[in-house]
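This document opens with one chain alone, in structure tokens, the form predicted on its own.
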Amino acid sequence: MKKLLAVCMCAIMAAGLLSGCGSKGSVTGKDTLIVGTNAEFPPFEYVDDNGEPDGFDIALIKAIGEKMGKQVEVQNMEFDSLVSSIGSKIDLAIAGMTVTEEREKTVDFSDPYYTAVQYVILPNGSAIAGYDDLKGSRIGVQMGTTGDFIASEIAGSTVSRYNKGVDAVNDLLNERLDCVIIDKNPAETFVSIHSDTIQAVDGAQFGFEEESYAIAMPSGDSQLVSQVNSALKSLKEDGTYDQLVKKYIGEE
């Protein structure tokens, strides 16, 4: 009887150990955080002259990592694959990513770090002036972004999806599109290069609502979310956040 009891206890302890080994812990125990981004969204992320990801989001996540005592390794990947890669290929993602109910089903988000609105890039002299004018038009978007979601709901529109926002703008310049829907800051960046040909119109004119950017993390990793939020709060309080906004975005 004692032998049987001992065998049962060993089996229970072994099961417990196996269960503990198989459980998923917080990535905060790692020395280096693997961060995914899509460096095709200036000024938030882009590839610099040295071929490395740079921009507001990249500087921000590195500053957050420093506050957490972590090294940060940035991986440049397709925007549409970021969410599905969290918890496997990457530890978290920062890429001008809007908090949506759909994304919240699979990842947890930090506190918002930036408020944005969609803009519509149009050829100079375009007759498109409001939401109804977008119906039946040829719209370019970056795949998986808020602009993609909005364009998909516009009746009769033909939506062309691109991995890079700049590719959509190039097709607009070549008259293969009627407009491009993209976030304000990249829209203004693209237009500044081609101001003689295209213009950026505030999405409020089309009824688009403001949205919040946040850092996406593995679902259920409350320890990581807490540490990231604490670091973000500290960066706002010590002035680092405002300095990064001024450097990369140009807003006071």
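From a predicted model like this one, the values you see are computed outputs, not experimental measurements. Start at 1 with the first residue shown and count on from there.
What follows is about the form predicted together with glutamine (GLN), which we do not show.
Q. Is it the case that N185, Y241 and K246 all touch glutamine (GLN) in the predicted complex, with a non-hydrogen atom of each within 4.5 angstroms?
A. Answer is no for this spot.
Which of 66-74, 190-198, 205-213, 27-35 lines the interface with glutamine (GLN) in the predicted complex (heavy atom within 4.5 Å): Only one stretch qualifies here: 205-213.
Contacting member of V120, L92, A168, M97, with respect to glutamine (GLN) in the predicted complex [4.5 Å, heavy atom] = Flagged contact: M97.
message: Whether S110 contacts glutamine (GLN) in the predicted complex should be assessed with a 4.5 Å heavy atom distance threshold; does it?
response: Judged by the heavy-atom cut-off of 4.5 Å, S110 is well away from glutamine (GLN) in the predicted complex.
### Task
Decide whether F79 counts as a contact residue for glutamine (GLN) in the predicted complex under a heavy atom distance cut-off of 4.5 Å.
Yes, F79 is a contact residue.
At 4.5 Å between heavy atoms, is R103 in contact with glutamine (GLN) in the predicted complex?
The answer is yes: R103 has a heavy atom within 4.5 Å of glutamine (GLN).
Heavy atom within 4.5 Å of glutamine (GLN) in the predicted complex - qualifying residues of 124-158 = Counting only heavy atoms within 4.5 Å of glutamine (GLN) in the predicted complex, the contacting residues of 124-158 are Q142, G144, T145, T146.
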